[in-house]
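Take a look at this single chain in structure tokens; it is the form predicted on its own.
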Amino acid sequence: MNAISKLDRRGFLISALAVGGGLSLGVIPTGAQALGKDGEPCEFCPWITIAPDDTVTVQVPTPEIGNGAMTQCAMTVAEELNCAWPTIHAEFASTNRNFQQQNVYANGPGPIYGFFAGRSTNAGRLKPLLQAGASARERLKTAAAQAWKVPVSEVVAKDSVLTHAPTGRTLRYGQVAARAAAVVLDKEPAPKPRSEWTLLGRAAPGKLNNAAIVRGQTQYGMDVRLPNMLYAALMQSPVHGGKLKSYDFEAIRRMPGVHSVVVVDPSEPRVKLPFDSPLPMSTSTAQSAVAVLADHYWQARKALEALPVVWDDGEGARWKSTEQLQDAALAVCESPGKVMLTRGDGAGPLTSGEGRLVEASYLTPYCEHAAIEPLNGTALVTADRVDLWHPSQQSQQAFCVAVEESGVDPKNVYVHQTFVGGGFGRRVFGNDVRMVVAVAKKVPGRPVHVIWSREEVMRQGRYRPMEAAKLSARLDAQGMPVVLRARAAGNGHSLTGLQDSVYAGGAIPNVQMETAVMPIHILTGPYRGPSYNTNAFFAESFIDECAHAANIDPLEYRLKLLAAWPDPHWAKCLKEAATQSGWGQPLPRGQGRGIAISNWSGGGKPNAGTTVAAVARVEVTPAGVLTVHQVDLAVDPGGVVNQDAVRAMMEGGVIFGVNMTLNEGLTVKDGRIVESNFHEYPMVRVAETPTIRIHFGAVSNGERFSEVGEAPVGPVGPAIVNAIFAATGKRIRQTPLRKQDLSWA
């Protein structure tokens, strides 16, 4: 998309443009002003609209995927606007408007990619929303002062009411919104310091869409209904990268409701985006597919099942089994790979140094996101317009993909973002958007709702990559590592994570990280905590093995490693989790506690990202039946703006991490994914969920407000396997645990 505007705060807020009858403060030079019509909401800036009934609408470029991001954005505006919380609600921002007004919603530091995705508390999101709220508040105060002919300094704004302090006269926000929309301030107000916040970090309102969810009023992608709509059941090559050879439409032509068969051909010409996009468009490439269109979905699905189809499996079919893939990845780790990071003397002291050598190999499998809402989307494509209704995790990329796939002028492409029934990274890269538009454009003028069956979703994932790793460390006379070498092999996101760990960042003096990319056909993508979830398992399992080799308590060992680390809150997280969990207290035979710590998005730097320490308490019967009884989690994201929301994200992340560790792992046979539904890909049930306790005693209350959605999945897995070792003396180096022999005597 176009380059991010570099306007300063004042320029961003006071440049004016008439849009839709309101006053839009965006990226056009100051001067043009327009008021909303009588009785209509007035737009103060692209982010904020205030209606005569005091309703405040916040435009949010953050899809709601169950994480409360929309509510968080609204809270940020309300902090400065001083409106009554019941008056505020949020809507999805328009990607079309963002394009036409030169990234008006994507304005800010950092990659544009993040601004229409799930982040809500990074600086690039917080600053413009706080500034927009402050500006709107001061313009409301100015409008009231003008009406009363008094100094602005005598006007107080609170709970959507403007009060003239000396006389007690009041006006509601909605009563002066039209006048306030015409105000251009001489000087933009600076947002108040964090110490004066009254909502962020102080209150914990529920999600704005909670009531709609309970009433069944929230529209997800699967809920879209349009006049004259067709349904499409989709089937892609069962071996990723394969090609469609033939199909026989005549065999299903007369089945009830059948309309047509549509083919998606990856090789057919597609337009080049008519603007520069920093988004990774190559990740959304089309796959060879066939779709049956019918009046109703079940008609389409039954016809698709009956359709004779012949596929060319291609190169992927050479991978005959999961074991063949895993053995190949582990073998690659025995040889040097591409050096990604070297610190100190690198791996030199590994072979030449003195002290004990500790080595271990680990492996994590392909994992499916298994979101509750199957992939789907609806598109209406004509020669000169595209309308897309879609549960995307990144609506800006959905816009770009729709433009590229349809070839329609981007000014006439409209993405109608719906709520999302679970994402976890699966709905980020837009390949599902591409397939929806690719099918719908073959039936111009009719809306088409394309639906993946659960089996199609599971076998056509963009999976957490399989990764193997071999870690080697040389311990000094005190048992502490003086050198660490890590070799990783696989394909996809996971190959970048180990170099961002605290151990690579300086806790161990000599480090070398190597990777090798394997030419595997299976498609991968971001999976909650991409790279982080796997590499936290590797690193924290291995550190536990070093602690055992040194005969040092695993908690004490980590505290020694972090003794010189500039960020003391890592150690505080460890101590908090350990204290709250009863670390060191005796347990019955067959039970054990394990500890782990990791950091999401900090890049191996102190005072960055979100640090999470976990202690798991497990029980393993002699026959190998595992029960995870309790997980204690201590978190430091810097600051916390809604403790209840963070707690919920942490609890959900723990459950995700437990399931990922205990259950999740896909099977490959003849290049195909075997699992088809939840009977073959089990989920942790309510009765199997451990007691989860989230602790905030180590929060540093720094200036950052780091992401919390991905952070908890990192330390849970290694804490569990470290607890299994404490309980049984058996070291587990591969997941899922349901496929491992945990028996002991």
Partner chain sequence: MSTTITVNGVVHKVDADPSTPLLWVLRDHLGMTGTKYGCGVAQCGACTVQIDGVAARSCQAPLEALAGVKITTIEGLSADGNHPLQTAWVDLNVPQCGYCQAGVLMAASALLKDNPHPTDADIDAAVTNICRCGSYVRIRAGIHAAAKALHAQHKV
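Residue numbers count along the first chain shown, from 1. Note that the structure is a prediction, hence the values are computed from the model and not measured.
There is another form of this protein, the form predicted together with its partner chain, and it is not shown here; the text below is about that form.
Peer 1: Among the candidate stretches 49-57, 710-718, 677-685, 697-705, which one is within 4.5 Å of its partner chain in the predicted bound form when only heavy atoms are counted?
Peer 2: Careful reading of the contacts points to 677-685.
Peer 1: For the three residues Arg301, Phe424 and Thr689, which mark the spot I'm curious about, does each lie within 4.5 Å of its partner chain in the predicted bound form through at least one heavy atom?
Peer 2: Every residue of the spot touches its partner chain in the predicted bound form.
Peer 1: Might Gly216 be said to contact its partner chain in the predicted bound form, defining contact as any heavy atom within 4.5 Å?
Peer 2: Yes - in the predicted bound form, heavy atoms of Gly216 and its partner chain come within 4.5 Å of each other.
Peer 1: Evaluate His296 for contact with its partner chain in the predicted bound form, applying a 4.5 angstroms cut-off between non-hydrogen atoms, and reply yes or no.
Peer 2: Looking in the predicted bound form, residue contacts with its partner chain include His296, since a heavy atom lies within 4.5 Å.
Peer 1: Give a yes/no on whether Tyr463 approaches its partner chain to within 4.5 Å in the predicted bound form, heavy atoms considered.
Peer 2: Looking in the predicted bound form, residue contacts with its partner chain do not include Tyr463, since no heavy atom lies within 4.5 Å.
Peer 1: So, in the predicted bound form, is Ala84 in contact with its partner chain at a 4.5 angstroms heavy atom limit?
Peer 2: No, no contact at 4.5 Å.
Peer 1: Quick one: of Glu664, Asp636, Glu405, Asp632, which gets a non-hydrogen atom within 4.5 angstroms of its partner chain in the predicted bound form?
Peer 2: Exactly one residue meets the criterion: Glu664.
Peer 1: Just one of Trp600, Tyr231, Tyr105, Phe99 has a heavy atom within 4.5 angstroms of its partner chain in the predicted bound form, so which one?
Peer 2: Exactly one residue meets the criterion: Tyr231.
Peer 1: Counting only non-hydrogen atoms and a 4.5 Å cut-off, give the residues of 635-662 close to its partner chain in the predicted bound form.
Peer 2: Counting only heavy atoms within 4.5 Å of its partner chain in the predicted bound form, the contacting residues of 635-662 are Asp644, Arg647, Ala648, Met649, Glu651, Gly652, Ile655, Phe656, Asn659.
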